[in-house]
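Okay, so here's just one chain, in structure tokens, the form predicted on its own.
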């Protein structure tokens, strides 16, 4: 019997092996990440494992996929439920003019401390907003909805096995092997010819819209290893001749504690695809839609901490308008030094970050940071946009359509967890256990 946790770990390995075959540069990215992590571990073991054991960090992956409809979103949620992964958070990637994309997203991941420790595989999952008039007029929406309605991304056999795995907490060996094979195949890049005219019609709006709605299947868009020094990785990948995007998204490198998430990627590579022309002929061509992302995770911030982070990002934008990526990075560091405490004590004392607590001799509580397990919509949109051939078009004079976490939950038919509530519960549970062990009164951690 493979439990849901066993299935999750096995699926992450299967997907990684498949993606490495399809995108060899991903294998290079994993090799470089592993080498960087080993060097950080050798130089400073305590810092290396401050946000998780090195075996977890090195094995850690997150993936990204894109679907077109609420039906497809429900189906993929069922597949991930078989792996012990639940929807967490809501991300609207339509907001920023420069990196605006016609999608909203959630992340499927384990939600308990114990499950995350076993295997923290997570998948950032986006769905098209086909009724957003800033992107799709009435005629294009009708054609796109009809195209999406005709396709089936997840067959009944894989969904039936997924329902069984969710209900029973796993699958026996033969059924597990079949499920893993079918589930992995759902995310392979199809060799089916792409209708060139239809794809180009969508690509004129957004490369992401074309990647989702211009083909009859879905695929893994990227797999992301976790690295302990993303700046060193960026340098090493560049030295290997791999073209990276212009900057590292998220917080800067600085002398204080890492918070939230830093991300970068190599540029989307041209991949061979077959195209069907208007006359029915099939010819070879290329598309560049899949890239190699990498991440460095930091400490989870409380709501006051997140508010401070968001204000700092706005200030960075204002002070770095028109600057180069290198100059912008210097602005980031200056703003960070003005904004944040330089150590974990300062973060904890100001109630800006989440921590776990454990009992120590002498009736003391010792603190360790809770790692940020989720995503940043601006960083995700920035990386997606950096890997598109063009920015597409958007009519800002027209109205968008409403989407929020309640909409996502209704479409899924499942609870979409608030990540802040998960971190607060993890912090409070540790405080309750530690104070009970020490015979102390219960402490209400609140957001601190």
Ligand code: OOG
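Worth saying up front: this structure is predicted, and the values here are computed from it rather than measured. Residue numbers count along the first chain shown, from 1.
Below: the form predicted together with the named molecule, not depicted.
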{"property": "Among the candidates 32, 64, 51, 408, the residue which, in the model of the complex, approaches the named molecule to within 4.5 Å (heavy atoms)", "result": "64"}
{"property": "Listed residue (293, 86, 373, 72) with a non-hydrogen atom within 4.5 angstroms of the named molecule in the model of the complex", "result": "293"}
{"property": "Option from 144-152, 217-225, 316-324, 231-239 whose residues, in the model of the complex, bring a heavy atom within 4.5 Å of the named molecule", "result": "217-225"}
{"property": "Complete contact of 3, 82 and 179 with the named molecule in the model of the complex (any heavy atom, 4.5 Å)", "result": "no"}
{"property": "Contact of residue 124 with the named molecule in the model of the complex (heavy atom, 4.5 Å)", "result": "yes"}
{"property": "Touches the named molecule in the model of the complex: residue 380 (any heavy atom, 4.5 Å)", "result": "yes"}
{"property": "4.5 Å heavy atom contact, residue 423 to the named molecule in the model of the complex", "result": "no"}
{"property": "Distance check, residue 384 to the named molecule in the model of the complex, heavy atom within 4.5 Å", "result": "yes"}
{"property": "Neighbours of the named molecule in the model of the complex among 261-280 [non-hydrogen atom within 4.5 angstroms]", "result": "263"}
